[in-house]
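Only one chain is given next, in structure tokens, and it is the form predicted alone.
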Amino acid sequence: MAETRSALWQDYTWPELQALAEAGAAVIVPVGAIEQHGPHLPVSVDSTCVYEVARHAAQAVTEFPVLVAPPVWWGVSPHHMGFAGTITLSTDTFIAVVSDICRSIGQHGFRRILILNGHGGNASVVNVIAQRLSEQKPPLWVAAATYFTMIAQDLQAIGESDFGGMSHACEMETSLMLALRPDLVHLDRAEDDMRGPWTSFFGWDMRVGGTVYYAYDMKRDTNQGVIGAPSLATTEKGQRILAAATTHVASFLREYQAMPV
């Protein structure tokens, strides 16, 4: 039986990583957050989910090696600080940390790096990181994506909640955690909190993004840190969400690998 290779950066020695760089391996840098997710989910949701999506996508690609770097657990979460357990980085610190990680990876000869984000508060910032890295001398070209944005159409088919049901600690995130870490989900504590958009330009739902950004405050704007319908979450939906995210990220990696560096 052939030995299954690890996708995890931390499982290799330095000579093995050097050989993987020379072989043209791609690297996923998962970035998440440690922040409140209502009374029914752990504060690790964003980091856990993005790391597992990255790991599954890396294993789904068999044509070339893909490595998953250790996750960046902390993100830009000041809008969650009103609830206990949230640990936030400033925007500048987050940019500096993720940029340094990518520079280190690039310095070792890896030329295809994907910053894969799993937290809404990081979404615009990872794009800024990719832009800034391209402006340095010599430039480092990296890609940046938020996995749940990549699967918005899939979420439209999977979700049963009305608009606003897939936002935070919601039908989507609760379902995905039921598929990944059911031991950490407390559905008996889940309470729906549906929020309509304040304007037609600002959306609360992962399935239909808004066109205008607004820096909201979860303590002020929610009852218990939830926006959405966790009551509609199921393990089966979580498995479908994981499969969709795996497929989309893996597909991008294949196309990314074909791009000239």
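Counting begins at 1, following the sequence as shown. For clarity, every value in this text was computed on a predicted model and none was experimentally measured.
There is also a form predicted together with another copy of the chain; it is not shown, and the following applies to it.
*Asks:* Decide yes or no: are Met194, Trp204 and Leu242 jointly within 4.5 Å of another copy of the chain in the predicted complex, with each residue judged by its heavy atoms?
*Replies:* Answer is no for this spot.
*Asks:* Using a 4.5 angstroms cut-off on non-hydrogen atoms, would Trp141 count as touching another copy of the chain in the predicted complex?
*Replies:* Close contact exists here: in the predicted complex, Trp141 approaches another copy of the chain to within 4.5 Å, heavy atoms only.
*Asks:* Can Ser200 be called a contact residue for another copy of the chain in the predicted complex at 4.5 Å between heavy atoms?
*Replies:* It does: once another copy of the chain is placed as it appears in the predicted complex, Ser200 has a heavy atom within 4.5 Å of it.
*Asks:* Can you tell me if Gly164 lies within 4.5 angstroms of another copy of the chain in the predicted complex, counting non-hydrogen atoms only?
*Replies:* Outside the cut-off, so no.
*Asks:* Since only the chain is shown here, I'm wondering whether His248 would be in contact with another copy of the chain in the predicted complex (any heavy atom pair within 4.5 Å).
*Replies:* Yes, His248 is a contact residue.
*Asks:* Between 75 to 92 and another copy of the chain in the predicted complex, list the residues on our side with a heavy atom within 4.5 Å.
*Replies:* Stretch hits, in order: Val76, Pro78, Met81, Phe83, Ala84, Gly85, Thr86, Ile87, Thr88, Leu89, Ser90, Thr91, Asp92.
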